[in-house]
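Quick heads-up: it's one chain on its own, the form predicted on its own, in structure tokens.
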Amino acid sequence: MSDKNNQVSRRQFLNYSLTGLGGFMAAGMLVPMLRFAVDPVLQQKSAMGDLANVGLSVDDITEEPQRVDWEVEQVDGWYESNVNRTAWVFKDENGDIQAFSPECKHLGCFVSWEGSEDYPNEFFCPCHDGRYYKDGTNVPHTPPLSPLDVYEHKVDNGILYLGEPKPREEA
């Protein structure tokens, strides 16, 4: 056998090199897309879902709205932080737990319970005199055009867990 048959020509070497480099670049582009598609399926869910323990016993909830503050861990990409959340929690006439977001639906200001001497027993937004009834619906002819958002909630072993606020349909 001659040595000329076992040698790689210049053209074959460039062909192999460029094919390998192209394959490496294609894999570099496809792997992140594949991970993006598969990663949510592999994430573990907690037993309570996205609900957080607010540290409030159901026995401590009264018919008078009370402010509840808690922290949740938020992950944005690779950045993890603790975010403060707030809710107005009380029991309605039927004994059902109600949890409202304190964010005004007009411009996002903080709504407080009995925040105005002129309008007792109502949620009040001081930014533009926005008002809500105790059931969270907006008072007609005031700036908010929709009711307060309602927190998803669950009771487990006598402790209240709150999730994300959900908008309501009725006004």
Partner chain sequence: MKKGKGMRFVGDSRISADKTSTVPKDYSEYPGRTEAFWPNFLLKEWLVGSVFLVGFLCATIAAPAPLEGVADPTTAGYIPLPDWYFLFLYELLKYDFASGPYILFGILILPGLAFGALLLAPFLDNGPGRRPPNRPIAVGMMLLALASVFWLTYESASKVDWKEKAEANKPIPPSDLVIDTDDPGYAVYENSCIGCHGDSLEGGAAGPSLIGIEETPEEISKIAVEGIGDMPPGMFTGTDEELEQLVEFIMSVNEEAAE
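Residue numbers count along the first chain shown, from 1. Small disclaimer: the values here were computed from a predicted structure and weren't measured.
The same protein also has a form predicted together with the partner chain, omitted here; what follows describes it.
- For the options Asp60, Asp69, Asp50, Asp118, the residue carrying a heavy atom within 4.5 angstroms of the partner chain in the model of the complex is Asp69.
- Though the partner is left out of this view, Pro144 does reach within 4.5 Å of the partner chain in the model of the complex, counting heavy atoms only.
- In the model of the complex, the partner chain sits within 4.5 Å of a heavy atom of Pro126.
- Residue contact check for His106: one or more of its heavy atoms lie within 4.5 Å of the partner chain in the model of the complex.
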